[in-house]
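Next up is one chain by itself, shown in structure tokens, the form predicted alone.
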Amino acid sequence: MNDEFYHEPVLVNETIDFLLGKSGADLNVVVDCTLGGGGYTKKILEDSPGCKVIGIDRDVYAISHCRSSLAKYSDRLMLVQDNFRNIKEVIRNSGFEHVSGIMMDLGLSTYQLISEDGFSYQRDTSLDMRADKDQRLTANDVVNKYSEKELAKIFYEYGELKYGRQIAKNIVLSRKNREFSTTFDIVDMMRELVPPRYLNSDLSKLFQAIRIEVNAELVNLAEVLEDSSDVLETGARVAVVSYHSLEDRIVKNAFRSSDKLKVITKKPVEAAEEEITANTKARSAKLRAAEKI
């Protein structure tokens, strides 16, 4: 499994610069909450020879990939398959009380889009969408078992879909005749509702909404941000790269409302045009950072 199967790190130099701080202080232990293909972790390990990294990911494939691709750093790398909402427990089980940096890139991995079931509306696969295959709730459960009211709520709140209520109504009506079993079942239904020029955009929002619900992404994000301030050393920093307004709003509000953190980024840092040209996913990226006081 090659690195290109994973989400290309965005704003990686800027993220690590924020972790280092103005003084360029040494990083002793950094937590990469969203390990993925290991791009950020590799950069940290390369640039900070004395630093140890705790890499967390819910996806067993990401853990396996990084165990192989980052094998030469095995003496300084601890890989943990877990939900980053459990950051306190992960750090404690790794033998530490506090860490000198926390980072997270909230982008969906390319590997999930092209290889795992349910994540992409461009591939006809089963409705799974679980980042952690051990959990019970799947996209199939959401689409086929949630009430019309519940579906409309997540489509509006997590997908910001203008016609979320109509989509929810159509799903409930359609599944009376036949259960939704694959991603293309949803695509076919949406084709009947949405004009062609809006189809891809609305499908992207719809799949985002279902994925967020399945993996409790926003709930987990709020929890890890709240707990991060407790496990950071004084003066240590947390840096987060987000890709849509829902995530960015949670990060911004968590940093601003914390009495243990000082906001470093008054406005989010965005990718330069050169990086966007090389990696179109960088276009929507926003980096925010805060420091433990």
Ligand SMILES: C[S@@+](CC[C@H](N)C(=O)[O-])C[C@H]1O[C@@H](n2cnc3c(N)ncnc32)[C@H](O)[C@@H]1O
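Quick caveat: nothing in here was measured; it's all calculated off a predicted structure. Sequential numbering from 1, following the sequence displayed.
The form predicted in complex with the named molecule is left out here; the points below concern that form.
At 4.5 angstroms, heavy atoms only, are Leu35, Gly39 and Asp57 all close to the named molecule in the predicted complex?
Each of the three qualifies.
Looking at 160-168, 181-189, 80-88, 140-148, which stretch has residues with any non-hydrogen atom within 4.5 Å of the named molecule in the predicted complex?
Result for this chain: 80-88.
Which listed residue (Ala131, Ile212, Val99, Leu127) meets the criterion of a heavy atom within 4.5 Å of the named molecule in the predicted complex?
Only one option qualifies, and that one is Ala131.
Would you kindly say which of Val194, Ala222, Leu108, Ile154 lies with a heavy atom within 4.5 Å of the named molecule in the predicted complex?
Filtering the options by heavy-atom distance leaves Leu108.
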